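Before any questions on binding or motion, here is one chain by itself as structure tokens, the form predicted on its own.
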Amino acid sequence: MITNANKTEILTGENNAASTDAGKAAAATETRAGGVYVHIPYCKSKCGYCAFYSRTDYSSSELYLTALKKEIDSYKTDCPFDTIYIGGGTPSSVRPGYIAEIIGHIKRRFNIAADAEITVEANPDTCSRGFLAEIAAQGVNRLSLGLQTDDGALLRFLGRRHDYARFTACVADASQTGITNISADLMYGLPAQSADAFLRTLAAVCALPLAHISLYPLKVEEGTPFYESGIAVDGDLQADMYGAAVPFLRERGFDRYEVGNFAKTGRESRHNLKYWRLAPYVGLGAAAHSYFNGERYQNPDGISEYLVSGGRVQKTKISKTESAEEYIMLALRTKEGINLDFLKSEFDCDLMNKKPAEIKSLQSRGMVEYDSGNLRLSDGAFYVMNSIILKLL
């Protein structure tokens, strides 16, 4: 474990008590622009399917804000950052000024690019005009709205606190504040949801001024109310829905650039692409993770633990072999696929020479394509992505 006092190791290779040449050299190897993620673990209510860490008791929110600022202050780096992502939880549900304070503090501490993508997640029921004006004034230029579905009965089943009319009002309000890069989250494979109904939902949201759509199949994970209730999902139906959604969205200008993410040209999530490309990122807050210079850092999962520890994190060194495998798994999820030169230069992994028979077999079956130094899945191979990944590891 390392404490908040020496967290500067993450980004500078330095310890407050001592500094080593080896540490400085290691820090110098990470030159790509990084991303900053902040977790806001508060929600007005807990949805039946949600397995993310969040709490409905806001009594600790001010202490949490103070702890976040201290954690931000613990970093010392000149590394450039060109994305900020405020997620949760529900960032739009905290008091006025809360998110603005966090963004302002990050900008004062970190080297944030002038053209940085700054995203804030919001739920329609708490995404007021005042909130939108507040975050726009702090340079927020991307809004991620949790819609899930336009069906009122299904929204109530999921435990959502809004209706479709409230969502469309948020989209209009955001556009008026100047935030035009708007994303919507949608779920599919819900109980009693037909494939035709899902396509009608897609048609409705595509008619709005959205730049990005994220699709998520309903998952019933252990520890959630849905799991305790014995709710089941139909995997075959979910596959059919996804298969119909891909061409449907493409025809309407939303290109699939990652398995579950679709964007209009130039509107891909720059922050999320960092995860899939194994780029550096810093995670702030309870349950947040960081990745830098081949090392991962994990903050305590609970709010109380986070407040007591002062931002203490668990540090794990990732070997080049492990990093190569992670990159292969993550990059294959994307439209561009594996950059073979990057894989070789960063992780000493020459995949074309390591797996020639497997790659040749996958190419002959039309499962993967090689173009301009990238190895990527063919359009139809996303359905069997996991089996292909296993062949290449």
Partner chain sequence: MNGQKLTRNFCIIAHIDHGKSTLADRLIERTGTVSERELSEQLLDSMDLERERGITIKLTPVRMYHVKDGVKYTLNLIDTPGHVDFTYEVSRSLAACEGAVLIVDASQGVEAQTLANVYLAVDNNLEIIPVINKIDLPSARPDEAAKEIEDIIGLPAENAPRISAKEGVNIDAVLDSIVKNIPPPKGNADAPLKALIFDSYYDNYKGAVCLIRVIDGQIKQGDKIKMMQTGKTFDVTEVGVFSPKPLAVPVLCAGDVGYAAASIKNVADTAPGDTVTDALNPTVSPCPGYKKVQPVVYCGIFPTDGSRYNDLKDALEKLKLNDAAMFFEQESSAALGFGFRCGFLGLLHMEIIQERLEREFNLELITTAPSVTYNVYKTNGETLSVTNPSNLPNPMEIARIEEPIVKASIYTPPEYIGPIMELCREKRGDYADMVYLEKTRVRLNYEIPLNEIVYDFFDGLKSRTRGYASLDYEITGYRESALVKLDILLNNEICDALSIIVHRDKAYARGRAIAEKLKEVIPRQMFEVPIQASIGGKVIARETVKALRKDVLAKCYGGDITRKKKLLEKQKEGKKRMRQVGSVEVPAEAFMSILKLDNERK
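Positions refer to the first chain, counted from 1. None of these values were measured; they are calculated from a predicted model.
Not pictured, yet referred to below: the form predicted in complex with the partner chain.
The candidate stretches are 192 to 200, 268 to 276, 155 to 163, 127 to 135, and the one lying within 4.5 Å of the partner chain in the predicted bound form by heavy atoms is 268 to 276. The shortest heavy atom separation between residue 332 and the partner chain in the predicted bound form exceeds 4.5 Å. A residue is said to contact a partner when one of its heavy atoms sits within 4.5 Å of a partner heavy atom; residue 88 meets this definition for the partner chain in the predicted bound form. Put simply, residue 37 is close to the partner chain in the predicted bound form: some heavy atom of it is within 4.5 Å. In the predicted bound form, the partner chain sits within 4.5 Å of a heavy atom of residue 216.
For the options 175, 238, 141, 293, the residue carrying a heavy atom within 4.5 angstroms of the partner chain in the predicted bound form is 238. None of 43, 362, 68, 324 but one reaches within 4.5 angstroms of the partner chain in the predicted bound form through a heavy atom, and that residue is 362. Contact annotation for 276 to 290: residues with any non-hydrogen atom within 4.5 angstroms of the partner chain in the predicted bound form are 276, 281, 289, listed in sequence order.
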